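Both blocks below hold the same protein chain, though in two forms, and each is given as structure tokens: structure 1 and structure 2.
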Structure 1
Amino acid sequence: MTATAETHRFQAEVSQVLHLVINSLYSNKEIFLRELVSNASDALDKLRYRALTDHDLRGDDALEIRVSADGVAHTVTIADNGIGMTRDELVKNLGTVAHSGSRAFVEALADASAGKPQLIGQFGVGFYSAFLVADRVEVLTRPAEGGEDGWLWTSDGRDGFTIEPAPRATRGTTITLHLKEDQHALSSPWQLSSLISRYSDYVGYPILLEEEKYAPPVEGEEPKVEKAWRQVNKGTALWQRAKSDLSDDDYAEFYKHLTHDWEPPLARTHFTIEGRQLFTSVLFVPGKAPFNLYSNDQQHGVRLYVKRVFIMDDCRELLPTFLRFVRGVVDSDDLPLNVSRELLQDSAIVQSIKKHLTKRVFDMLDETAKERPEDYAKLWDQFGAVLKEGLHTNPENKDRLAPLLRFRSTREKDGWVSLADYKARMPEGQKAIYYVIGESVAAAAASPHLEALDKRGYETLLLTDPIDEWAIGALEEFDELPLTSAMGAELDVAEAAADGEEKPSDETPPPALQTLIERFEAVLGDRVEGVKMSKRLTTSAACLVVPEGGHHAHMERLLKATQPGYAGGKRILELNGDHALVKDLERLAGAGESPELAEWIEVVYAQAGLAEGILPAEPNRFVQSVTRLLTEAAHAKAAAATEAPPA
């Protein structure tokens, strides 16, 4: 360290990241090279982009990455002639975790039981992976813009780093890793060559490796070793290569470079569109949803290139929001190189690319669903809720989305059923697709609303995702079958009844039940929209149904949360006239006023709500009533059981 060196401490989050990287990736040490080469490639992309407007930046040197090793000093060096860094950039980029989303993620990571590679994979360990193999890292860099000063950053990856001025002849960055003792084997060109081929073949710039060549021996002289650079990768951007030339591994490594994800993607597509438009694209569906899929700061979208020049990351304009989980690249020949975000928003070319990409994503999803249903189930598990948003936000895609939807159902409580499969196995006479909405599969499946449908052998979709009510409302029908809520007042079970079956009549209730209904209405007042005789119940005494145009539980909750003062929609209480309890209550109501009747009506009403997860408005009062009823029943039972037999 020289007199001009300044010492800096790492930001606390960086120390956490370093700690996590080292503790969770110890068995994946070799990825360090991929990460550093990937950074070098990004630095070259940035230079090429900036040189579009500032021609002096570039010069006429070839953009490339050079990797070398020193077997005596035990070092590995990765150098690029890319954009480089100023002193301030060095401090910020290699001393802090700058992005607020990353910071939140690091906090989440630190909370989670330490060191889960799947989690850390989403973060992208990047530069800090150097400390997996090195106990000292030096970064010598000189920015393409901003004078001739170079800077040397040095750290042992513990508490902090030093920065000092240092000469570098040309722009770019050189990273020197002083290998840990147990990693000395890495300083062999052969090792490095195999790592580059395995992990970095997709990189669009030449990666040159310094190798030793033995000169032909001359008698009486020591054997001479010459050094020479050899290009190890193809050096052509992956998407420009023929599909037949690429392996699954090539795509997988490219995907990791793009996303920093650890897991392989679940699906991919690679295509070129020719004609009025010319562009090439590679798109992937990740194996796991990012932790911030639903937050505003999610960096989503694909990477945009124009004529092989990198333009921007996270280009949201190229895909509809409900496909925001798709990652990949688009390389357009038609967009201008100086395209900006503002320009993208109302570009006809972008609209046309977006249309093509959307269609290709649907093709990719269809194919996955058809050819690899197990992978599709995983995909649905991770991204189904996001896809469902599209039913509402992009109704023009409804016909392509509907066949991709998957649901739990009364027959498929653990697996998934598609609407087409549901339709194919419908019994004769069924004229609608039925669904119930509930908190969980178990709660929805136990819903009293299903009783009449179950009896007929009809399958019912069990919707538990908060977005379902909204999404299904937008879908309305599938293949000419209406989607009908089994909880809705308009559910016409007579209509649903198979031919020849005794159909429940539409008549007004018998007088005794009518009297009871009036008692219920008097007690419940305007807490309900009304009380009716039920045609859908077989074993339960009562249930609550949603009046036409009303909201189910999820939407109610959402409205309550988002609209202050929203009182909540009213339900209709339905009574099962065949149920023993209802029959006894009828008799009681017929016999005139009784003090218990009002209390029992309250209990029946509260239970109907509980059956679908709605808590009674006054839980304590409900518990007291039930306790009183239980006490009486237990007392009677106990008295009967212990009564001495007649002598």
Structure 2
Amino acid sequence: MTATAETHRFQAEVSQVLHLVINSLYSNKEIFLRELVSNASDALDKLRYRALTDHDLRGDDALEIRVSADGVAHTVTIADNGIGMTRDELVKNLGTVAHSGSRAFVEALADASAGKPQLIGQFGVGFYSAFLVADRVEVLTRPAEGGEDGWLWTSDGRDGFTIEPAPRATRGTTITLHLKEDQHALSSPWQLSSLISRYSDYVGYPILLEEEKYAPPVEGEEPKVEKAWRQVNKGTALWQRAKSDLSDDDYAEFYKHLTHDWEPPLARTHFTIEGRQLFTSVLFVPGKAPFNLYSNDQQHGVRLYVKRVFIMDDCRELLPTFLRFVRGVVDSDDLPLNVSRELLQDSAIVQSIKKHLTKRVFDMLDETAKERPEDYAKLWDQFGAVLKEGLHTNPENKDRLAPLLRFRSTREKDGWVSLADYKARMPEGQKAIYYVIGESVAAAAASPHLEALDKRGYETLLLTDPIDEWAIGALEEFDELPLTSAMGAELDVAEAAADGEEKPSDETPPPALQTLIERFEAVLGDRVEGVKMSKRLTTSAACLVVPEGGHHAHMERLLKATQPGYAGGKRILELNGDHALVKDLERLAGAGESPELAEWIEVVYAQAGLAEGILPAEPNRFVQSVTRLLTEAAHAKAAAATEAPPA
């Protein structure tokens, strides 16, 4: 036997496919109006395009879309005076699921000499969104060419549809939705106006909404209600206009309309990208951070349009997370969407747009920092911590981010310093950019870790944001200068010594100090990674330093608050051999066992921790020890004062 290959077409239960399209494709019912208005806009575009070669086709009437509602009959009507449809086009366009008349129209013109019109529809399913809110839909249409016959298409969205001749005075299409019982609220003009403003505000044709108005009262007569048409969409998208035609007030007004923020933005950029992708964008940096900037539900500020039709507010795919505070619009002509036009499809086009937008935001920030430093200082106050997230989450952008960074420092406690400014005023011989991390600027500036650096006149950056440790770790260096923690064990003050200054010796400490170190290590045990003599302290007796790979105390407090069970890492205790207290403890350790020595070692260790904001493991015990020390010191002082001869 010889087998012969057979070819078959897929079979589908059309009513089931239609059910899936209506009930599973869209997650938001209110987009029905967006889809039907977009179809009406396409019908007007088709008429205008054909009228380029057939001047009698259009006539003198203005191209427009009219939307009305009947609160008694619970209907919504969308009408246009566009190209209309013949009977055969009705059957093909509305009777064939996923057949796009707009797409077919554009494909038929693919070889035309004139440019193809930018139509919105592409999948052929948007019309069926009407059945999300309606249990019956009527389409009355009359073609602009091919006779004066009108046709009425009717369907309940289940098993089929009917077509019959019906009169229509002029060309175009009227769609009437008989609303489901639970959707009767949509027959309110206010509700329809809100949906048009949200989804179709920048459709290129006037969208007129029928509204009721009370006529001026006449004495002795009942109040009369008049119906009038009002344009509810702006019609012209600001971003589609030339920048030379726009003023600062135009941008400010658009920003208020877009964001409902009455404070003016700190910066803006308006640009069009042409080439493989065509899109236009207007982006703003707000004057004030939203209250939920760091919340999980924080929305990204870029609003996405495709061919001037609103798609989504929270467009996370077009800008990295660390730029989530940027507000604005992106309007693309060829952005790939899923069938419901509610989600972006991951593609090279999306990544390319994201790359362009990110670059433009950086350019905007660079320009603001250079030309309007006062505005940039305000911007950094509001969004600096978010920008620093990019060093950790998007390290590929660190070369663009580094010049934008601003910090408090030991010289600029109230102002901001850039890394470039820091480097420009470094004294000769300094080989690194130093920083210290603390809970506040005051706490960081008072850190004992800065003593040797302050003595040599070295400026130190004061970092207080939770993201700083990760951000600085990702940056690592700036302009070939390493970023070095003043609190880290690897800090080598000898390298930082100025020319001609005697550098600290790395020799093993003398036996008496070594005995003291061993005594500290015996008392503190595994609470510390080690004890050594310090090269960084000049006035403090001791400090705790972070071993290589460890976290600073400020970061450990955050981790303990967010990660139950996190115990933190061990520190290295450094002692200042020139401090009077350490010298006294050295003599006590060399003289043999002392019952008080262990307690004093505990106090020194606790004090070093407190300088970093680390509470003692046993606060009551620490208080008792300090109280005893104060009591003994006060008693000795009082006794000496009473025994001293009068002056």
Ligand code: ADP
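C-alpha atoms forming the largest set that superposes within 1.5 Å between two forms make up the rigid core. Fair warning: this is a prediction, and the values are worked out from it, not measured in the lab. Structure 1 provides the reference sequence; residues are numbered from 1 along it.
Working note: structure 2 is the copy from the form predicted alone; the remaining copy is not. In the two-part rigid description of the change between structure 1 and structure 2, Y49 is assigned to a different part from E263. Smaller rigid part rotated by 72 degrees relative to the larger one between structure 1 and structure 2 (C-alpha superpositions, whole degrees). On rigid-core superposition between structure 1 and structure 2, the C-alpha of Y205 is found to move 6.5 angstrom.
For N39, the Cα shift between structure 1 and structure 2 is 20.7 Å when the rigid core is held fixed in the overlay. Core-aligned Cα shift between structure 1 and structure 2 at A561: this is 3.5 Å.
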